[in-house]
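The chain below stands alone and is given in structure tokens; this is the form predicted alone.
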Amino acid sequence: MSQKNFAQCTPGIGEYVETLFQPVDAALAKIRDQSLKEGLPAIQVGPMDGRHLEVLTRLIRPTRAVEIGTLGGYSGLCLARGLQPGGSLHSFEKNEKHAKVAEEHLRSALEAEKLDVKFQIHVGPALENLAKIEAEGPFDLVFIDADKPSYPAYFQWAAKHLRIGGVVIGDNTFAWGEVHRAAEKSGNDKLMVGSLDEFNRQLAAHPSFRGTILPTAEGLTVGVKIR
């Protein structure tokens, strides 16, 4: 019997999956290309990560979703496609230019796809602005893809404001292949990698959550609030 490894690294698997599922459609390609033309950094979620977000959101069928870190709106559209009709998406973006680009992209895409979704982009540090939406909770879904040192604080917010059955998702949680070496890091690397490690450990140890990490290239941590 062959060993069933958790992190499958067989060459060609990524190309096979992307060719099979074609995760980047015209609307997503437009957001990606226009974001680059506007000078935004090329750090949005990857093609299959975007598809993972859409599929997970469609499974959850949230009416109230929160996105921490939106960049140019690519991940926001993936999330919006899975929202219940009449649902709402609160996106948080620290950079004012990025937020403006994302708002234009999302508004255009939602109108083109006739998605009955309300969205609002909050500009500024998320840890300062999240309090503004707490009265609308509890929330069904929180997606985290912003400044890595704040991941543990974002998880604590999500743990408090998700409903039972709600889901938290964190991107980049393999810390670029270094998360298992967090204790060996120093300086800025220790802060970045250590924070992602702490996020994973908080979720794994939290008595109210059942979690896992999907072995994408960058790691996608998913937790369900069970009590």
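Small disclaimer: the values here were computed from a predicted structure and weren't measured. In case it trips you up, residue 1 is the first one in the sequence shown, and so on.
Unshown form predicted together with S-adenosyl-L-homocysteine (SAH); subsequent notes refer to it.
- This chain lacks the partner; the member of E136, E113, D147, E104 within 4.5 angstroms of S-adenosyl-L-homocysteine (SAH) in the predicted bound form by a non-hydrogen atom is D147.
- A heavy atom within 4.5 Å of S-adenosyl-L-homocysteine (SAH) in the predicted bound form is found for one listed residue only; from Q156, Q84, S108, N95, this is N95.
- In the predicted bound form, S-adenosyl-L-homocysteine (SAH) sits within 4.5 Å of a heavy atom belonging to I43.
- At a distance threshold of 4.5 angstroms between non-hydrogen atoms, Y74 is in contact with S-adenosyl-L-homocysteine (SAH) in the predicted bound form.
- Using a 4.5 Å cutoff between non-hydrogen atoms, F143 counts as a contact of S-adenosyl-L-homocysteine (SAH) in the predicted bound form.
- Put simply, I121 is far from S-adenosyl-L-homocysteine (SAH) in the predicted bound form: not one heavy atom of it is within 4.5 Å.
- Judged by heavy atoms within 4.5 Å of S-adenosyl-L-homocysteine (SAH) in the predicted bound form, the contact stretch among the candidates 162-170, 43-51, 57-65, 183-191 is 43-51.
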